[in-house]
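Just one chain follows, in the form predicted alone, and it is written as structure tokens.
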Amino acid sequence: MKSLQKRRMPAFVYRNITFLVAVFLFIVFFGLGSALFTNFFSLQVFCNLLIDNSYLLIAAIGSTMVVIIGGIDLSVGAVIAFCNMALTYMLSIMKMPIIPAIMIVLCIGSLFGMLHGWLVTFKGFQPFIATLAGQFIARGACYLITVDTIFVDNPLIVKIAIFKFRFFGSFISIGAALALVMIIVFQIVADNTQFGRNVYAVGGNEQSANLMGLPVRRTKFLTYTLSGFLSAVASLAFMLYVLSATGTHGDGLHLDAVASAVIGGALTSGGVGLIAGTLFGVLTQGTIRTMITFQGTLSSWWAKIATAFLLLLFILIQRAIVTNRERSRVAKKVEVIDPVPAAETQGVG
């Protein structure tokens, strides 16, 4: 038994193995890019990863929480497109003040999340069906506003969009800074609040969470609501990034968000994942796209192929982890049953 215990990995590594793999993969890809391309290894290239993927990072936080609870949200890209369209229309066509327009958009995103949470939690819909319906509603609603492209002409929004936080000769945008703040805030929520602990408990084993008296329905409902809210926040970062709105924006973004959560270490079976891991999932995808840009001759679709291979790799890693944990549980049960005959054997000796 002592030899087995010595071979066991440290508790921190065991609990966070998927997160550590995500960090390792990002380092590998960023190091590979630095070795292959001149000027790739720089602080500004890293900052550009945050700038170019700020909206995806915010949306992926909500998707990560949904995956941890054992669900999926397919509406993320469409809700971002609709919120961006509504916000741009209110600012550029209706000439509404900025603060009321933003508050309305945040309420719209939250209402979409509440709809999904209500259908999944209280009406027994499968998350796939409920959020797919939300995707169709949001995407269709974009074209109810207008079928044309709207450009942001609000002077203050344009100034905010081009503003840069400068440090060490590099810079990040307000959208990137917002994404980093969201990562910190929701990592704290996941680690240090009762709601965060409930999310992990419900995702790990919903029946056990029910038996423990945890508010399972409320937790799932709030998780989907937060996903919708974060999609609306992501639409703010997206608007600052593109300064325009059209109904096709965000197409396929929900898949990138789920991929970021999985590559970042969230188990698709639920109960495991770190919000910080999502950061590295997004950065890894962004690094692959940046490497393709530096290379210059490859199609951007190679980034999708590379992401697919990463997803398959992480699914295999997850299956190995789950299998290992099941074996550990069986071994612990054997250890509990085994001492009695072992004691008898020692007594006879």
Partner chain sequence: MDKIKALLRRKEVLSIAALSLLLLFNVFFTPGFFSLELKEGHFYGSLIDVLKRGAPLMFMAIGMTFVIATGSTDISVGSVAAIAGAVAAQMIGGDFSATAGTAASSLTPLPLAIGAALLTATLCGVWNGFLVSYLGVQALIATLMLQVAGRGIAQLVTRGNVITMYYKPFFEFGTGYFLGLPICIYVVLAVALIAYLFSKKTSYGLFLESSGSNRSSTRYAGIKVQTMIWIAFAISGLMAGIAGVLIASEVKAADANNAGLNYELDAILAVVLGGNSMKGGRFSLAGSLIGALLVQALTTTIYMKGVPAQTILVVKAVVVILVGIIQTTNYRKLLARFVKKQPSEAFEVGK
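Positions refer to the first chain, counted from 1. Computed from a predicted structure; not experimentally measured. By rigid core we mean the largest C-alpha set that fits within 1.5 Å across both forms.
Quick note: we don't show the form predicted together with its partner chain, though the next part is all about it.
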### Message
Within 4.5 Å of its partner chain in the model of the complex - does that hold for a heavy atom of every one of 115, 301 and 311?
### Response
yes
### Query
residue 254 near its partner chain in the model of the complex, any heavy atom under 4.5 Å?
yes
### Query
Should residue 126 be classed as touching its partner chain in the model of the complex when contacts are defined as heavy atoms within 4.5 Å?
yes
### Query
Is residue 99 close enough to touch its partner chain in the model of the complex, meaning at least one heavy atom pair within 4.5 Å?
no
### Query
Heavy atoms within 4.5 Å of its partner chain in the model of the complex: does residue 143 have any?
yes
### Heavy atom within 4.5 Å of its partner chain in the model of the complex - residue from 242, 133, 177, 160
133
### Task
Note which of 103, 93, 184, 147 lies within 4.5 Å of its partner chain in the model of the complex, where distance is taken over heavy atoms; exactly one does.
147
### Message
Please pick out the stretch from 284 to 292, 53 to 61, 312 to 320, 29 to 37 that is in contact with its partner chain in the model of the complex, where contact means heavy atoms within 4.5 Å.
### Response
312 to 320
### Query
Can you tell me which residues in 148 to 171 come within 4.5 angstroms of its partner chain in the model of the complex, by heavy atoms?
none
### Query
C-alpha of residue 305: shift of 2 angstroms or more between this form and the one not shown, rigid core aligned?
yes
